[in-house]
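This document opens with one chain alone, in structure tokens, the form predicted on its own.
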């Protein structure tokens, strides 16, 4: 069984690598032999431009400085969204009164995309960093809240009833049943929110930024530099993949008990 799983994993790795190589080949041929090359850089040109941006500044920083600025903004907004989203999700999911008060307003605001709040963010917070944190906060907050609310509502009611019959207080039920049962949902919400927060950094950095990967893209668009635009896009994709992988690894370690129960 173990050997079979290893063979399956190796096959997946090989197929994944082959698909990436096929995509790059298709991209290269398209830019080299068709009109696409006039509006899009080839993968080879993009690779060398990315390496160049690692030691030659684009604006105030190299690519590493822009990535650091973007990541710091995302982490600030994501941390605040995590705290607020976990608290609100648990309150709505475990308290009928909390659900009655908060859920109608939450459901009213949830469909609004974060980019629609840019003008309001500028009016409320000005053109500084707070407006960017606000946009990133919104992109993560709703994803975290709805996942944790779902987790708290999915707790086995028979288990809660049995705990009440044994004399457990509401606080004890919350800390020993509701909260542990919601942990897998919490990590799912955090995973989704981290990805959406990172994606929202482009919109956030459109609010008068002087650095960041979002600034790279918008500034490249202003000077019609497709290579610079694609360097920014590639950076967003690579860092997003790394952040997602880290979150999956943390979830696998801390929620291993949940996977054992399911198996």
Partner chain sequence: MKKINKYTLISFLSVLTFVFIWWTATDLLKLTSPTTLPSPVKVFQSFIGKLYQTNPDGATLLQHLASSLKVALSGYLLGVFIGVPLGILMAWYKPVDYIVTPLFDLIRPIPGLAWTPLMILLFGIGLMSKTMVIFLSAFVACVINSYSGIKSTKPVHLWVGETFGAANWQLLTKIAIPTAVPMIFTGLRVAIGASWNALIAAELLASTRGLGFMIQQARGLYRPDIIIVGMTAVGISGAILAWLVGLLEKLAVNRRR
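We call the rigid core the largest set of C-alpha positions that still match within 1.5 Å between the two forms. All figures in this text were calculated on a predicted structure; none of them were measured in a lab. Positions refer to the first chain, counted from 1.
Quick note: we don't show the form predicted together with its partner chain, though the next part is all about it.
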Legend entry - Complete contact of 44, 131 and 245 with its partner chain in the predicted complex (any heavy atom, 4.5 Å): no
Inset, instruction - Look up in the predicted complex whether residue 211 has a non-hydrogen atom within 4.5 angstroms of its partner chain, and give yes or no. - result: no
Legend entry - Contact test in the predicted complex: residue 217 vs its partner chain, heavy atoms, 4.5 Å: yes
Legend entry - Partner proximity in the predicted complex: residue 72 to its partner chain, non-hydrogen atom cutoff 4.5 Å: no
Legend entry - Any non-hydrogen atom of residue 57 within 4.5 angstroms of its partner chain in the predicted complex: no
Legend entry - Candidate from 87, 154, 79, 101 lying within 4.5 Å of its partner chain in the predicted complex - any heavy atom: 101
Legend entry - Residues from 217-249 in contact with its partner chain (non-hydrogen atom within 4.5 Å) in the predicted complex: 217, 218, 220, 221, 224, 225, 226, 229, 230, 233, 236, 237, 240, 241
Inset, instruction - Would you tell me if residue 23 moves between the shown form and the other one by 2 Å or more at its C-alpha, with the rigid core held superposed? - result: yes
Legend entry - Rigid-core frame, C-alpha of residue 217, shift of 2 angstroms or more between the shown form and the other one: no
Inset, instruction - Kindly check if the Cα atom of residue 41 is displaced 2 angstroms or more between the shown form and the other one relative to the superposed rigid core. - result: yes
